[in-house]
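First, one chain by itself in structure tokens, the form predicted alone.
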């Protein structure tokens, strides 16, 4: 059992850091909150939504309400930065308006000149910023970040933390 006995309440607009040793269930908890895993027992509540009990269209729609920064970025290697931001809306052809919003999200994370770069052309910190832009692009009600600063230098770490907090505050103000 990777996660047991967790009782956590977080106010809207809050930033929370989960800390613990490797293998303690932090990633599993985030995956449960994001609807990527279903609980074997108990309930996973996000607002008034019991994530573990969602089915059909509701289960399919829920991940669109969650922005996720994965531990290993999960960028698609053949896609440009702007298309990685748009990836949740693919394979549909994104409108010019959506493409413009994706470019704005990349500008917000300081990547205005890298919109057409594929991940292999970007540094680790730049790839992480693309992942953050993708996570906040759809104005999700919840942003989950799984070790968003792992393997980054201290300057980039502070930038990613500031970026996530700033993006989170912008979501609250919407």
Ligand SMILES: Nc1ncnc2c1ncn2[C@@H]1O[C@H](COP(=O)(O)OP(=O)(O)OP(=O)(O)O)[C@@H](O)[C@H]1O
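Quick caveat: nothing in here was measured; it's all calculated off a predicted structure. Positions refer to the first chain, counted from 1.
We do not show the form predicted in complex with the ligand, though everything after this point is about it.
Contact annotation: residue 2 falls within 4.5 Å of the ligand in the predicted complex, judged by heavy atom distances. Interface residue remark: residue 71 is counted as part of the site for the ligand in the predicted complex, having a heavy atom within 4.5 Å. Put simply, residue 141 is far from the ligand in the predicted complex: not one heavy atom of it is within 4.5 Å. Under a 4.5 angstroms non-hydrogen atom cutoff, the ligand in the predicted complex lacks residue 158 among its neighbouring residues.
Only one of 113 to 121, 38 to 46, 22 to 30, 62 to 70 places residue heavy atoms within 4.5 angstroms of the ligand in the predicted complex, namely 22 to 30.
Within 4.5 angstroms of the ligand in the predicted complex, the stretch 113 to 149 places a non-hydrogen atom from 147 alone.
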